[in-house]
Structure formats: structure tokens, C-alpha cells
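Just one chain follows, in the form predicted alone, and it is written as C-alpha cells.
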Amino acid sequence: MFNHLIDIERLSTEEISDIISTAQAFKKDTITSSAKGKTACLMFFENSTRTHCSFELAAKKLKMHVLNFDIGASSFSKGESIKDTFENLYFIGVDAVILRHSENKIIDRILENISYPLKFVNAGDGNCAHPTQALLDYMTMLEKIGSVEGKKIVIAGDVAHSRVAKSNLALLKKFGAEVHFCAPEYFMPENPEKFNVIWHDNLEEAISGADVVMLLRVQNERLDSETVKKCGNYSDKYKLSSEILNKYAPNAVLMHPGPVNREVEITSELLDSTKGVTILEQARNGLFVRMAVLNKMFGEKDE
């Protein structure tokens, strides 16, 4: 049981394994809800399909009450402070807030300002963290390759702006994976050596012999004008096709956190092949991981 899920770094390997075990139990329908009757507020300041829908469905399957917070119609537009907004939500009866925001570490700032025990789940903050995505990715990897220890996991694409890459790196390192990042220079973060991973700027070289290849989309909404100019020919060198995958990593599991930009980071023919089904399985596992996270916030009962 925990009060908040803010990032992967604050979870132990035991806590991560426990969340995955609970998610697997929900997938097998062998565990009951401990969150029944609690109220979850979905507050998304950025657009989302998979994360928003799976959190909403997860809460409803747990028999929670769900509020979809309308940012545009809220009192934020009238100048209400973060402190007052969240403290009022708590007194109205909200038990947990599932928050997506463009600001890095927004939940830490909120917790410094509010005085009441509202629970928070990070559904993605800036380019910092997306913990439930890393958890569902890990669950999917376990189902496909059994263990990540010693396995070559390649994450390729717009690493600089990716909270998914950072959260996956934090989790995979805890379990002994050999993590590789592949990106052109303009999609590498500042001081890339601090990530303590193996870097590549050549896709074929990066994925050679990989156990898992995870692609990232180009995050156009976060790019400055200079980077937009530089990445104009991104697909020429970094678009993955069946031909390339079968040549360099024929046994690799293909993954993508979504949304997918067809014919940018991946060809439609690869996405729609049997290899691409794993990407849909990731989305499915997201439901059970998010059920597990919410359930663990309020304790849990085994049948």
C-alpha cells in the first residue's frame, strides 16, 4: 500500500514486482477491488487516449467513482491557486487524483503546498516521468521474454523529450537489463553520459541482436523551430521496417508506448504485422497495471 505513484525511482524492486503480480491477478480475475466506493479525479492538462481511457476504465472496474476534470471549465481560468483547487477537491470527496501535466515534477510541487492527504498518480509529467507506462511495458516484457536481466533492450527515437524512455530506463536498470538508447544528435538530451546507457546514432547497429526494440514517436509539440528543421529527414534513417527488423533482430519483441506515427518511426506494414500485435497488448496490460496501482493505494484483498 502506498499514497502516491510519482516516479519509478522511488519504487523498490519488491514494490514493482508486487504491482506486476497484482496486475497479473487482475488479468486472471483472481483478486477483488479494495478501492470500491473511493473517488478518482482524472485531471489531464495534455491530450491522451491510452492513458486516460485505461485509467478511467481501471477505476470503473474497481467500482470507484470517477470524475473527469474539465480543465477549460475549471476555476483555474479564474485564477484559483493549485493549493486551493486540490484542497477543495479533497473536501468535496476526491480520494485520488490521476494527473497529467506539462510541468516536470508537478506532483512534488503540489504536495509541498497542500495540507490534506490527497493521493496522486503521475499519468505523465513533462519530459520527466511516466511510471505506469514503464510498469505496463515491464509487464509486457515479462510475458514475452520471461526476464529482462541481461537482456538487450533498445529504446530508439526522440529520447530527449521522452518521459517514457526515462521511466523505462529507471525500471530496467533495477532489474539488470542492458539498456541501449538510439537517437540522432538532435534527439539526444544534454549530457547524455549521465544516463549511463549505451548510445547509438545508427538504428541497424543499435538493434542488432536485441531482445526488445521499443520505438518512440517524434514529439513535435515539444520541439523548437531549430530542431524541427533538423529532423525533417528523420524517417530516412530511423524508420523501422520488417525488412530491417528481420535482418538485424529477427527474434526481438517490438514495442511502442503510443501514439504511433505511421511511416515516421515505423512502417505501416510492420505495425500491422504479427510483430505489431505486442503494441496492442501493451495497451491492454495498461488497464491491469493501472487497476493494480489504484487498488494498492487503498489496500488489497485476495479472493
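Don't overthink the numbering: it's just position in the shown sequence, from 1. Note that the coordinates shown come from a computational prediction; the quantities given were computed from them, not determined experimentally.
What follows is about the form predicted in complex with phosphoric acid mono(formamide)ester (CP), which we do not show.
With phosphoric acid mono(formamide)ester (CP) left out of view, choose which of 275, 38, 50, 61 has a non-hydrogen atom within 4.5 angstroms of it in the model of the complex. Comparing distances to phosphoric acid mono(formamide)ester (CP) in the model of the complex, the residue within 4.5 Å is 50.
Does the 4.5 Å heavy atom contact test between residue 162 and phosphoric acid mono(formamide)ester (CP) in the model of the complex come out positive? Outside the cut-off, so no.
Is residue 133 close to phosphoric acid mono(formamide)ester (CP) in the model of the complex, meaning a heavy atom pair under 4.5 Å apart or at it? Residue 133: contacts phosphoric acid mono(formamide)ester (CP) in the model of the complex.
For the chain shown here without its partner, which stretch in 23-31, 240-248, 253-261, 63-71 has non-hydrogen atoms within 4.5 angstroms of phosphoric acid mono(formamide)ester (CP) in the model of the complex? That would be 253-261.
Which of the residues spanning 79-114 lie within 4.5 Å of phosphoric acid mono(formamide)ester (CP) in the model of the complex, based on heavy atoms? Contacting residue: only 100.
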